[in-house]
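Next up is one chain by itself, shown in structure tokens, the form predicted on its own.
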């Protein structure tokens, strides 16, 4: 019997380096894909149970891909945020479409995201609402309290704010390393390291 077992930490660390808070709520985990090195803080809600109800018929009868939420590498989901796949009527029935998120995406506390896709190197501020089927390209900064309307497309290198969201500036050249989340990743978990 080993008495040197580490105490149960606040986070569960997966083989691919994801750090998932024990107090996070992940529904339908079999439909949630994590790319690795992603932090999911306490009180985060990921609705992987909201999947496509209408299946595309496949010739071989094989089950089609049922990923509801796909998250890239080095993403940071802050306390109390919610990721929810967008839904709509399709062929006469209500169904959900996948929510896809790239790498190095920061989602601020209390934000609700129902986008169709979020690119890489995106910073979503605190208490932001991203409406259904919005498309956010790479290197985008969404300021605190912004409401992104459904179906809005935000081009790369944009800074948006307001209710509803509007373009207020551009990410400056050379400002791209601010989106890098490797340092933040190291500050979280059962053995946190100071940000360098």
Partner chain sequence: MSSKRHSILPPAPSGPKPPVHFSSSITIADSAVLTGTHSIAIHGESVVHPRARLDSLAGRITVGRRCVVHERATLGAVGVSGRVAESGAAVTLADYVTVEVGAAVEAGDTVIGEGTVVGVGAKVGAGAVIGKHCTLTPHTEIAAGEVLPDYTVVYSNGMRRTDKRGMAELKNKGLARQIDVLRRIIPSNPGKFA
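Numbering follows the first chain given and starts at 1. The shown structure was predicted, so the numbers you read here are calculated from the model rather than taken from an experiment.
The same protein also exists as the form predicted together with its partner chain; that form is not shown, yet it is the one meant from here on.
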query: Stretch in contact, per heavy atom within 4.5 angstroms of its partner chain in the predicted complex, of 115-123, 100-108, 67-75, 85-93; finding: 85-93
query: 4.5 Å heavy atom contact, residue 25 and its partner chain in the predicted complex; finding: yes
query: is_contact(residue 39, its partner chain) in the predicted complex, heavy atom dist at most 4.5 Å; finding: no
query: Contact label in the predicted complex: residue 169 to its partner chain, heavy atom within 4.5 Å; finding: no
query: 4.5 Å heavy atom contact, residue 30 and its partner chain in the predicted complex; finding: no
query: One residue of 50, 160, 34, 136 in contact with its partner chain, assessed in the predicted complex (non-hydrogen atom, 4.5 angstroms); finding: 50
